[in-house]
Ligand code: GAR
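Shown here is one chain on its own, the form predicted alone, set out as structure tokens.
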Amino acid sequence: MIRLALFASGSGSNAENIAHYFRFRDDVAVTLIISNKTDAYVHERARRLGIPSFTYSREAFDKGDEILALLRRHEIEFIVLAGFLLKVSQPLLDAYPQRIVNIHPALLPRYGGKGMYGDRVHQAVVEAGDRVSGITIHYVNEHYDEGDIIFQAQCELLPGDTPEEVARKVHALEYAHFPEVIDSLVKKLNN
């Protein structure tokens, strides 16, 4: 069984969607959720799903040793960032090369980088007058949103779409594609 850890900083809707996708599988499972915020709603979602969740400080994420120890105890083989806002530290990158993926709510390389997440991205897309947006699933490296792109999907935007409407369209793409892309990546781990 391949065990996944999800890192999330907020509501955790993507984390919950991914956990549901793998819920009744015997080859892959979400067995751990880690956050950098004690009050993140993802902890409530994890509780309802019966998945252990933990919170660590920014300093703990930067150092990496406590988190690596937890990941080893839970025999984690693959990490998914699902709305996780901190940069992944070098110790984690070294321990999980090409085994950490992120989803970004835009078509990278546009609208990526430090501070570009969630509604900030959708606002920037609207202000630029773009006619398409979408998602980018990519490997994580030492720079925000610069890892190798694995998958992109796009949605059409209409004149007058608000950032909230863009978010709705992008979330639909996230929920439809992120679990399937993760599934295809972890299947390659056994080959």
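As the structure is a computational prediction, the values presented were derived from the model and not from experiment. Don't overthink the numbering: it's just position in the shown sequence, from 1.
One more form of this protein, predicted in complex with the named molecule, exists but is not displayed; see below.
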### Task
Spell out, yes or no, whether the shortest heavy atom distance between residue 10 and the named molecule in the predicted bound form is within 4.5 Å.
yes
### Message
How about residue 95 - does it come within 4.5 Å of the named molecule in the predicted bound form, if we only consider non-hydrogen atoms?
### Response
no
### Query
Does residue 118 reach the named molecule in the predicted bound form if we count a contact as any heavy atom within 4.5 Å?
yes
### Query
Does residue 168 make contact with the named molecule in the predicted bound form, using a 4.5 Å heavy atom cut-off?
no
